[in-house]
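Below you'll find only one chain, the form predicted alone, shown as structure tokens.
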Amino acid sequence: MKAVIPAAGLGTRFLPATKDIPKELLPVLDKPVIQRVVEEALAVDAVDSVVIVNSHEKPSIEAYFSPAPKLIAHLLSHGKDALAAATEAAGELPVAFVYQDEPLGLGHAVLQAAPEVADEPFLVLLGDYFIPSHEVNRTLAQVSAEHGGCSVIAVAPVPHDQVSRYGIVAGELAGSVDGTPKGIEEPGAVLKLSGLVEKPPADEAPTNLFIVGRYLLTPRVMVLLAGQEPGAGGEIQLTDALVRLLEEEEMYAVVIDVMEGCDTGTPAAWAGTNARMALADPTQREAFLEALGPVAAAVCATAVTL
């Protein structure tokens, strides 16, 4: 099975920093965001490789995942074995590239990976969000297997007054991941979906559960995307294809704890994610708190960590 990571966007929220550096290569501690997403995808046993949907304007992403023998030799010659090993590992990850050179929507980006995916189920992981525990995609695979290989997406509750900012799902409780009773918005709940609505008004939203950005999809989705008409913003929307998929196949959702994930989609979210990761890393925590200074360190020391 392949995992698809859309990464062709312009990263305009981070300009001017992303004028020359792709947003996906901005670091979270010692690794760029996109490497963390790739590693999350590969943590699923069934996933053998990752397809990154890139733009030809961002060749540095492809360069990052290429071997760097001269750099590795230099590091080894200076006794920096751990850095050499980490650099070598990044260049050996099983990553392939396809290209989306026009910003025609998430659905269009996913469609570019169709030749690589062929006729198999596939994961989609949005490239500006990662889940350090790596558990969510495994759970999607588990629930899919339990329901005949159907499509499964990750969702999480959002405050009711914010539902108009997201894709929202409709459905009924169909059990839980571990078999214990769960409420419909409780992490671990499994829903059988009856609909998906893109950015509904709060008073029309069927639930408060939004699509998080982790999908396990059947190959039928690629066929539907190939004929999908433009939707919101004049773009090919993945959600629109999933609405059509529901007319043909069952689809389920797994509720996750939104705090499991780390958002890097805005400068503030990226900075916050770096702070969370530094606080959670025993090799970084003390140095990070010291670097913040006494007042900020006192506040940060009481913050919720991963």
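Computed from a predicted model, the values in this text were never measured in an experiment. Throughout, we count residues from 1 along the sequence that is shown.
Omitted from view is the form predicted together with a small molecule, to which the following refers.
With the small molecule left out of view, the stretch that reaches within 4.5 Å of it through heavy atoms in the model of the complex is, among 160 to 168, 178 to 186, 93 to 101, 134 to 142, 160 to 168. Here is the short version: of L225, V212, V190, L125, the single residue with a heavy atom within 4.5 Å of the small molecule in the model of the complex is V212.
Residue contact check for K199: one or more of its heavy atoms lie within 4.5 Å of the small molecule in the model of the complex.
Contact annotation for L106: at least one heavy atom lies within 4.5 Å of the small molecule in the model of the complex. The small molecule is not drawn, but in the model of the complex it has a heavy atom within 4.5 Å of T239.
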